[in-house]
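What follows is a single chain, given as C-alpha cells, in the form predicted alone.
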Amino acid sequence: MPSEKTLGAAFAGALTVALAAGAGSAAAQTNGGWGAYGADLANTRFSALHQIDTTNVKNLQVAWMLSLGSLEAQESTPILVGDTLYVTTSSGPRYVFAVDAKTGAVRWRYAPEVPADVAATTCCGLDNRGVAYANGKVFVARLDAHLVALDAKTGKEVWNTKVADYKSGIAMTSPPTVVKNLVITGYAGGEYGVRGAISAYNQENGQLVWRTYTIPGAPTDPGADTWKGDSYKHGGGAAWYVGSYDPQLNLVYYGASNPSPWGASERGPDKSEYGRETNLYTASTLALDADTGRIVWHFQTTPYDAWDYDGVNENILADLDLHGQKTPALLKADRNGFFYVLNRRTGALISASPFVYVNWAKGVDPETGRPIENPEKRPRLDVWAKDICPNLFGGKNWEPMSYNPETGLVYIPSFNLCMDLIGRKQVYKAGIMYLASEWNLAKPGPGGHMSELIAWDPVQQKKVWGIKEELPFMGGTLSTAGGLVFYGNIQGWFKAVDAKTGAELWKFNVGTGISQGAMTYELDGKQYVAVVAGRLKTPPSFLADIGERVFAASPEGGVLVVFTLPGA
C-alpha cells in the first residue's frame, strides 16, 4: 500500500540530519547532453560544451525552427535524449513533441485531451515548462493535475495517473523530478487555498509510493500551532516548480509557495511580531528523503508571508569553497529579494543578502534565519502598505538562473518592481481564487528599468555586473564553458554575453517574447543552442499600463529556435 506522509512523520524527522559523512556532490552536465529541465538534477543550467565561445559566437546562425502550434506562455526548456529533443507547448500542454535534434523533423506528437475548463482554476497562465525522462519513458505533468508517462520512442501513453482534482484549483505546470525508480511532482494552487503536497510515483506503473503534505491537515498535527485557529485547512504551500536531487545525500529539494490567502489576518496576528504563527511549511525550502518523503530539514525564507513571496524558486546545488573548506551548498535567489546560501546537508543558514532592492525587510537575522521586517511594509487588514520592494513577482520568479563553476558566478534574471498591498476579508470557496487582498503592482523600482540580468558571487554575496532591461519578464539563463551566458528578453532578443564581464557579443530577434531559459547540446561534434519563445499572457495583465507595454513589445507566438555555427 502507498504510504501517505503527514506532518507528524515530517516533524519527527526534521532534526534527523546525521546523513553520510561525505560532503556530497551534484555534478553539472559534463557531456554533450541536456537530460533534465535544469541540465542536471542540481539545476545548474551549466554546460561544459565550449565549441561556441566568446570568439566565434558572433557567427551564430539559425539551424532550424519548429512552430509549437499554440500561442500562450511558452515556458518550456527542451531536453535531449540520444538524438531526440522533447519539448512541450503551452495550454495543457497542447502538444508534446519529439523532434530530430539535427533537423527539427517531428518524430511524434502527443496531443492530450485536457478539459477546456482548466483555465478557470489556473492562476497565472496556461503554461507548461517541459518534461522529464527516465528508462525509456517521457513524463509530463498536465494542467488537469494528471501525471502521464509516454513511450519515448512512440509517444503513446504508458500510464496516466490522476494526482489531484483540478476543479479545486490545483494545476501542474512544471516537469517532475526523476529519482531512482520514482517520478516526483508537486502542483500549483496556493492562490486557491489548496493543501500543498509533494508526491512520488512508481515510474513503471504510476502508482503512488509516498505523499508529503506541506501544511497540517488536522489540529493534532505538529505544526498546526503555527497557524491561527484552523486556517491551515486552506493554507496553500503548493510546490509548483521544479525539484533538485543530491544522490550522495539522497535528498530531494523543493520549494513551497505562499500561504493562502495572501491577506495574513486570517492566519495570524496581522503584525510583524508574529511569534510562533509562521504558517509552516509555506514559503520554505524542504529537503526530503527520496525513498520515503520524510522531511529531513526545512528553511523558511518568509515566515508568516503577507506579500506572496513564494518559496518555490529553483534550488541550485553546488559545492562551494567557504573559508577554505569545501561545503555542500544550496543556492536560492528567493522571491523575497534575498539570495540564500544554505548547507544542503543540514539546512543551516550560511549567508543571506539582498540581490535586488529590498525595503520590506532590513536584513536576515543570522541566528534565527528570520527576516528583520520593516513593519511599515507589512500589509494588514484594511491598512495599505505602500511602495513595497520587491513586488509579488519577486526579486526573481520562476525564470531560471544558472551557475557556472568555472567563474563561480550565478546568473540571475531579476525583477525591479515594487507594489502597494492591503489585506481584505474573504470567505473561502473551493475552486475560486482565495486572495483576501488588493494591490497595485505597476510600480517600477529605483532606476526605472524593470528587469536586470545580475551576475552574482554566492561566496562574497555581491553583485559582479548587471545588464538592465527596460521591461519585466526577461528569460532565464544558460551558462557554458565557452565563457558565455545566453538569455532572452520579452522583446524577443536572444543574447549571448561574456560570462566574466557582461559584454554583449551577439543577439538575434526571434519575433516573440522569451521568458524561459535556453539549453545547449552536441551531436556529431557540432554544438547547438535552443530556446523556446512565445509571449506571456496572464502575468503581465496584473501590471496595468506596464503590462500593456509588454504586450505591445511582444507579438503572440510559439516557436522553438535552434542555433549553431556555420560549416560542417
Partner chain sequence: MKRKRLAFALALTTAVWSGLPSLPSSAAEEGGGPASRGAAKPDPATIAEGRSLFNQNCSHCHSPNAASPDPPRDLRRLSLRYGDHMREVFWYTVTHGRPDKGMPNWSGVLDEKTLWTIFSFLESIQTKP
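This is a predicted model, so every value here is computed, not measured. Positions refer to the first chain, counted from 1.
Not on display, but discussed next: the form predicted together with the partner chain.
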* Only one of 359 to 367, 438 to 446, 182 to 190, 82 to 90 gets a heavy atom within 4.5 Å of the partner chain in the model of the complex; which is it? -> 438 to 446
* Which pick from A348, V383, V106, I432 sits with a heavy atom within 4.5 Å of the partner chain in the model of the complex? -> I432
* Structure fact -> The one option of L322, A120, I372, A111 with any heavy atom within 4.5 Å of the partner chain in the model of the complex is A120
* Look at the candidate spot formed by E376, W456 and K462 and say whether the partner chain comes within 4.5 Å of a heavy atom in all three of them in the model of the complex. => no
* To do: Using the partner position in the model of the complex, report whether R424 sits within 4.5 Å of the partner chain, counting heavy atoms only.
  => yes
* Are any of the heavy atoms in G557 no more than 4.5 Å from a heavy atom of the partner chain in the model of the complex? -> no
* Asked: So in the model of the complex, does T501 come within 4.5 Å of the partner chain, heavy atom to heavy atom?
  -> no
* is_contact(F542, the partner chain) in the model of the complex, heavy atom dist at most 4.5 Å -> yes
